[in-house]
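Below sits a lone chain in structure tokens, taken as the form predicted on its own.
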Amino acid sequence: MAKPLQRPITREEIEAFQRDGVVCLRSFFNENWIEQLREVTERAMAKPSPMHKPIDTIKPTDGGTFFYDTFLSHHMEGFRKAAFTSPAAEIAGTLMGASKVNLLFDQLLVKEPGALSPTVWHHDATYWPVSGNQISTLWLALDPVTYDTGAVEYIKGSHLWGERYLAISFNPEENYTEDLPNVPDIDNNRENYDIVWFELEPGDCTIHHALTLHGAPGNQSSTIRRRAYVTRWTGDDVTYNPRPNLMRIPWDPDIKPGGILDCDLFPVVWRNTLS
């Protein structure tokens, strides 16, 4: 069981998440969590799971590796412990206003020094086999994060646009084929958008809605890593929505379309005992 949060999440933080589609929370994860996650991250990078995607070979960089792996809690006990007993689930559930949260999956996103390939603008919802509004991502910094090391940028309020954009493949061998519009050309029209990013210290995190558009520059530092442990959460209104050509998952969860997610692949991690 997770310990109580070190402080309550404030009404202002909840309102910011609901209004902006992203909020930054400081120091909810203590040094013990960061050291544990750094250690298990190194083991995961040395022995990736079958879900590992070597992005640095898909998109060659100027000498730096962009390491990507998913469903880590099904691969290493250290990540399962983090998913089930860290503050992450309660943070996500509180911000989403959910009475329970399921872990959709967890992930490592590591941009080593010199990994210059940017992460293109996208939103998360159209990659995943789920439907609903209470879907969010918690992005936990394991290293200091600045714009130069690859801080994620978010378009405030974009989760309220009422748009669903075509998922953009990070692998040229994969294509997404839903009948959806492309993400707008944000980089060439940045003045038209309310873009925000956050400098983070280890233990700080951001939480964003699955429809919030976001992207990230490469890591331009020659010395500083950008390791992030990322957890994806769903709430009460989320159901299973399998579709062709989505992000790969480890196995068929044997859920009918429209069914609730509760299963071994998408476990319930937190319940609001006060609701």
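Numbers for residues come from their place in the sequence shown, where the first is 1. Given the structure is predicted, the values throughout are model-derived calculations rather than measurements.
One more form of this protein, predicted together with a small molecule, exists but is not displayed; see below.
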*Using a 4.5 Å heavy atom cut-off, indicate which stretch of 72-80, 193-201, 136-144, 85-93 touches the small molecule in the predicted complex.*
136-144
*Which pick from 109, 155, 167, 98 sits with a heavy atom within 4.5 Å of the small molecule in the predicted complex?*
109
*With a 4.5 Å heavy atom cut-off, would you call residue 225 a contact of the small molecule in the predicted complex?*
no
*Is residue 126 a contact residue for the small molecule in the predicted complex, using a 4.5 Å heavy atom cut-off?*
no
*asked:* I'd like to know if residue 230 sits close to the small molecule in the predicted complex, meaning any non-hydrogen atom pair within 4.5 angstroms.
replied: yes
*Please check if residue 211 has a heavy atom lying within 4.5 Å of any heavy atom of the small molecule in the predicted complex.*
no
